[in-house]
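One chain follows as structure tokens, the form predicted on its own.
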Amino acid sequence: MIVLEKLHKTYGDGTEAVKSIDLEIKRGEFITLLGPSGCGKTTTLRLIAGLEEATGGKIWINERDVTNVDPGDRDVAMVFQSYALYPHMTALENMTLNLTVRGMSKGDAAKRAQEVAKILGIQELLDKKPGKLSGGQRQRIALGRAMVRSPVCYLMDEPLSNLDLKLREQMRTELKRLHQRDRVTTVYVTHDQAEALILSDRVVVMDKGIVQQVADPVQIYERPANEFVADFIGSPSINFMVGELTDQGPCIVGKPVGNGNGVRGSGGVTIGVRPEDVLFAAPGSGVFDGRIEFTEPYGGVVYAFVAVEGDRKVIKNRDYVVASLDLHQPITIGASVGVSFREQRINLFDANTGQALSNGR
């Protein structure tokens, strides 16, 4: 278990990288720190590792206060974006170096490395040096170097970002399989939402050094805590539309869009709808009418970009409503359509604060 208690990091130039984070990571959990560049996720990971000194707060690992403990005494293993392999050493030597430095015999260290290599499927690579290995192979060696230590937890800083798309997919599957097999506590940093949603038991979404939401991947996607989380998660991103609350529920251009899960009131509201929850109907029969301007095929779906007809400002975050449709659904560029939504799957956010008022699904 890892507990961060009001963890804070301010650099010498006054930059607040991490702002009073409270977080409990359960034993055996795979948790991902997710957010845009500069959000504080890597700094948080480095604080846990002891590579950065906390300005304030506490760090506990398995009920032990390690806030001021040296990195080498925290019993954590890091996997870096850059692999950090010694080029003059073989894969086996890279994997066993930390073990032998800590006093393990070369024979026992080699045996342990061979056991891990078998799990990772890299037995035939142990005699090769990093320069003779592909990016995916080097990342497996770096992962194996962490695994041989049998640490309390793994700390992974964007370990797949240097791999091409196919290798990333393979390594994601490998990491998922290994975690389900060994259940070692893992803290993973990425800006790639697909990695976060696929790998994680829970996701920590961060922005400007502040935790915006902590939840499982389904809840993060379907019930975002605020507009930032809703917009950051999902590709294409969520549609934000300008609406208003009434005694009958939320409306867009005066037309109701569902019961809003019981939210009532008056004044402005932001209505969030995922592309897969946008529906097309005959013109005049939806919440508003639009014209299909262009499409983007993507595998088994096609994304249709719809411009709202008329002068009223409806869309908040871009120029088009984006709908995700089955690839075989007939679509005509330039056609007018009525746009509506799956009523139970809309999200409502306060127009001023951006905080969730009601979450769909």
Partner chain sequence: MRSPLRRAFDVAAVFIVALYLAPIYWVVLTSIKPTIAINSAKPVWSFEPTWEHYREAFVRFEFDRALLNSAIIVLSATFITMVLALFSSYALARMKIKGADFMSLTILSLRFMPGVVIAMPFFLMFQRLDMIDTHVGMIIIYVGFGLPFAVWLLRGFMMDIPRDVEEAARLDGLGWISIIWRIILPMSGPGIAVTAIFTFVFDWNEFLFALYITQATAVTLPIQISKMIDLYNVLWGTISGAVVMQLVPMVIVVFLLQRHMIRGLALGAVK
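Keep in mind that what you see is a predicted model, and the values were worked out from it rather than measured. Numbering follows the first chain given and starts at 1.
Just so you know, the form predicted in complex with the partner chain exists too; it's not on screen, but the next bit is about it.
- Just one listed stretch, out of 296-304, 42-50, 25-33, 314-322, contacts the partner chain in the model of the complex at the 4.5 Å heavy atom level, and that stretch is 42-50.
- No residue of the trio 279, 345 and 357 has any heavy atom within 4.5 Å of the partner chain in the model of the complex.
- Interface residue among 118, 88, 183, 166 relative to the partner chain in the model of the complex, by the heavy atom within 4.5 Å criterion: 88.
- In summary, among the residues 176, 223, 191, 149, the only one with a non-hydrogen atom within 4.5 Å of the partner chain in the model of the complex is 149.
- Not displayed here, the partner chain is kept clear of residue 218 by more than 4.5 Å at the level of heavy atoms in the model of the complex.
- Put simply, residue 78 is close to the partner chain in the model of the complex: some heavy atom of it is within 4.5 Å.
- Contact annotation for residue 285: none of its heavy atoms lies within 4.5 Å of the partner chain in the model of the complex.
- Although the partner is absent here, residue 202 lies well away from the partner chain in the model of the complex, with no heavy atom inside 4.5 Å.
- For the stretch 66-84, the set of residues having any non-hydrogen atom within 4.5 angstroms of the partner chain in the model of the complex comprises 71, 72, 76, 78, 80, 82, 84, in sequence order.
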